[in-house]
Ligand SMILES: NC(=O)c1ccc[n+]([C@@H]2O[C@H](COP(=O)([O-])OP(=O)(O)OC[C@H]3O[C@@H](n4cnc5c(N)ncnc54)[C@H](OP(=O)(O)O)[C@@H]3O)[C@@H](O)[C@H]2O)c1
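Only one chain comes next, encoded as structure tokens, the form predicted on its own.
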């Protein structure tokens, strides 16, 4: 293994995303060294041209930067903990998912051992880094990002958000907040179609067509949230009734409507709040200022 080739990257963590990163870097002509706790996962990457590190310390020493693609930040301590003596002078780019505060704590820990640190969140279509919708949030010291932006560029387009280590996870997790219920809602919709005796293939174009209106709603809701505009009681009651119709349509054909019940609970909470005050009531503020249980 070469030592500190400026066009070299070590990748630790070879799940689907880690493997996609290795593949993209190799395709761009970057020298890649890999390490994974389950060593067999490195086999396919070696076949593509990556070098295999026998230890984490070897991986840290081989790359101009080391990218972590792990399940969470706790895994970073497990992996790097036995190799802290090799961290001094290195650059760690942690692209694992976790909370913003855990990213901040992780950055402080890495720096306490003499290494530089960047945090990131990978917004991608599955593990397809080349998809037009894929990009990566980065945060941490600007000078560290600038020093390595070109080396990281093959992974996906870059969005640098600022020096706070946690801000990349703030934005990343906020987007996943949208994505998770959307996935569940779409499966519920498909289940309603299938259990009602209709073809998913017939329904799909209409779902895609409806999705094209979502940016309009996003812009309108964002504007209202920033302006503090009140949502009317009549509107809350209409959404409560609409949620009930979705629940009925689902449960009539044996589909789990737990997600819709949760949505209805928010509309009913808004109805109750609006009935008790003349102050502006919005779902945005009810969520933003949630009372402790």
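Numbering follows the first chain given and starts at 1. Keep in mind that this is a model prediction, so the values were computed, not measured.
The protein also exists as the form predicted together with this ligand; that form is not presented, and the subsequent description refers to it.
Stretch-level contact analysis of 213-221, 198-206, 121-129, 150-158 against this ligand in the predicted complex, using heavy atoms and a 4.5 Å limit, identifies 121-129. Although the partner is absent here, residue 54 sits far enough away that none of its heavy atoms falls within 4.5 Å of this ligand in the predicted complex. When this ligand is considered in the predicted complex, residue 14 lines it closely, a heavy atom lying within 4.5 Å. Looking at residue 99, you'd find every heavy atom of it more than 4.5 angstroms from this ligand in the predicted complex.
When contacts are judged by a 4.5 Å heavy atom cut-off, residue 172 counts as touching this ligand in the predicted complex. For the options 72, 111, 105, 142, the residue carrying a heavy atom within 4.5 angstroms of this ligand in the predicted complex is 72. Among the residues 192, 115, 79, 84, the one placing a heavy atom within 4.5 Å of this ligand in the predicted complex is 79.
Contact check for 36, 41 and 95: all three have a heavy atom within 4.5 Å of this ligand in the predicted complex.
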